[in-house]
Structure formats: C-alpha cells, structure tokens
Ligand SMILES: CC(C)(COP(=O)(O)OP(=O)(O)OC[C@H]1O[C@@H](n2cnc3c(N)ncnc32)[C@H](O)[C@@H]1OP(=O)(O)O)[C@@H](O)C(=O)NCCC(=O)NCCS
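Shown below, as structure tokens, is a lone chain in the form predicted alone; questions about how it binds or moves come after it.
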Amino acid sequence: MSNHPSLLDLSDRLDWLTSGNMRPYILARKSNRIQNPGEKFSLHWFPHEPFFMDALVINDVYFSDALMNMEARAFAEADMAMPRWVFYDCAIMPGFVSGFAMRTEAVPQSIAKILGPENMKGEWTPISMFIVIPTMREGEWVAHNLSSINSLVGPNERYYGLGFLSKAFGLAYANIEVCCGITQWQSPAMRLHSYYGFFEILTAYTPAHQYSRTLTYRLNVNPEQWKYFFTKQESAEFYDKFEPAGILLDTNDDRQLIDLHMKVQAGEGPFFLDANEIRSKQLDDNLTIYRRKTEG
C-alpha cells in the first residue's frame, strides 16, 4: 500500500511526533524482534526510528516498571489493571510491546507528578503501550493491551492521537495482517479500535471472559482506513462493501447480545460494525449491524 497522506496533512495537532523529545520504542526480547519491520504497508508516518529495550535485561527493567505503573493507573478505575506476571508471561515472552516515549528531561511537570520520580529513571520515559501477541494462525495476532498517559491527564495536556498512533505504529512495524482484539461494549476504546480495518464481530457476548458483555473482534489491517480516524469522514469503501443486516443492536440488553452471538455462532455472519457510526453516537446508543453485500 502506498500514497498514504502524511500525518501533518491530516492534522497540525500531530506535530508532537516530529519533536526530538518523542520517539517510538520497541520492548521485546531479542529473539522476538521483527524481521524486515514495516515493509508490508510502507507507511511513512513516523519520522523517528524506534529505540529498543529488553525486559530480560536487568538494566532495562526500569522501563517495564514505568510501563506497569502507567498501565495500572490507566486501568485502575475499571479494575482491569494487568498483573505483572501477565505482562511477562503473556506479553514479553510470546509477544511484542511498542509505543511512544518522551525524553525524561522534557516530561511536563504535570505528567511527572502523575508518574512519580521513581518511574522516570532513564533517558526515556514511556507514555504509551501497545501489546500484541501472535496466535497459532499464521499472520494473525491478538491486541492485548493499549494504554497511554492521555487517560490520566486533562484535555489540554493530551497528545492528540497518541493511543491510536501507538497501535498503528505497532501494527505497521510488525507487518501484522490480521488483528483480533477484545473490548467491552460501550467502552470509549470502541471509537479507536474500529478504525484499523473493517471490524468483524467474533463474539457479541462472551461469558468465558471476566466481563460477559465483552466484544471480540477481528480485522484485516488496512492503513487506507486509518486516515478517517483523524478526518472523521465516512469510509466510502465500507459502504461499497457492506449493507445493514436488519439488526439494530441495543448493547445494554444482554438478550440481544446473546441473540446476535448465536447468529455468529450458527454461521449466519460474518457481521460488522461501522467505525463512523460508533464515533458519531453516544456510547450506549443502538448500533447498526452490517454484513457483506451479496454480489449481483
């Protein structure tokens, strides 16, 4: 894929990316580093090369400590903070962690106060994290965790698009073709995750999860769709390929979620959600369920 618009063409609020005080990072054990990174999509959005950290190297553990501190604060209210052993067992050993870090001496005082001096020990302080884990299906990965400092600071202190770009960087760098993920209906994260590709519903109701009202999704990673996150325009390609399936889903109603899940389970799908509709509605509004248009 090529001819992606530059980020600064999409919004001048993204100029933080060009600062010498901001860089992407890769946290992965050496044997998990990506071969030929970024070659699949040729996405030239990120002006600075990443630096590398290794959680298995003792001198680099401070970076993991800082990430765990930020993540725990970001998910404390939802009571979904990641245990440290999960970070190691499910992210570091099999997977790949990336995000953005700020030069420690340049971290604003307001952010430094939130993070605490004990979590700002090296040259770079992480301010976002995206964890993605390969599955047994070739080319398919699971997005396990996405968090950033933006959830902990006021609107005027946030770095525009930080969460979205943290995941975009990881997907593009690791040449990920298919990405699955798990989120909760009515979560603000829905407005972000649905822009990385056409958003297929794998589970609409998930009692195997700690929270049954959980949505499992799959998408073919499609950077051509990413610009719409910033432009807030509708995707003509989505409406060319998909049509309403005659289901208007009340995501507050467990019975409706179960009914939709049973349709998925019976092979009546696949069913999809429209990123633009999710973005334009309140989090608890009904959502239109789509299916692929039939040829002819």
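Just count from 1 along the sequence shown to find any residue number. If you're wondering where the values come from, they're calculated on a predicted model, not measured in any experiment.
Beyond what is shown, the protein has a form predicted in complex with this ligand; the following relates to that form.
- Note on contacts: among F46, F229, Y62, F242, the single residue with a heavy atom within 4.5 Å of this ligand in the predicted complex is F229.
- Interface residue among N175, N222, T104, S151 relative to this ligand in the predicted complex, by the heavy atom within 4.5 Å criterion: S151.
- Heavy atoms within 4.5 Å of this ligand in the predicted complex belong, among the stretches 95 to 103, 152 to 160, 113 to 121, 201 to 209, to residues of 152 to 160.
- Contact check for S194: no non-hydrogen atom falls within 4.5 Å of this ligand in the predicted complex.
- Contact check for A91: no non-hydrogen atom falls within 4.5 Å of this ligand in the predicted complex.
- Taking the partner from the other structure, this ligand in the predicted complex has a heavy atom within 4.5 Å of a heavy atom of S147.
- Contact annotation for T216: none of its heavy atoms lies within 4.5 Å of this ligand in the predicted complex.
- Not one of F51, A66 and I131 comes within 4.5 Å of this ligand in the predicted complex, counting any heavy atom.
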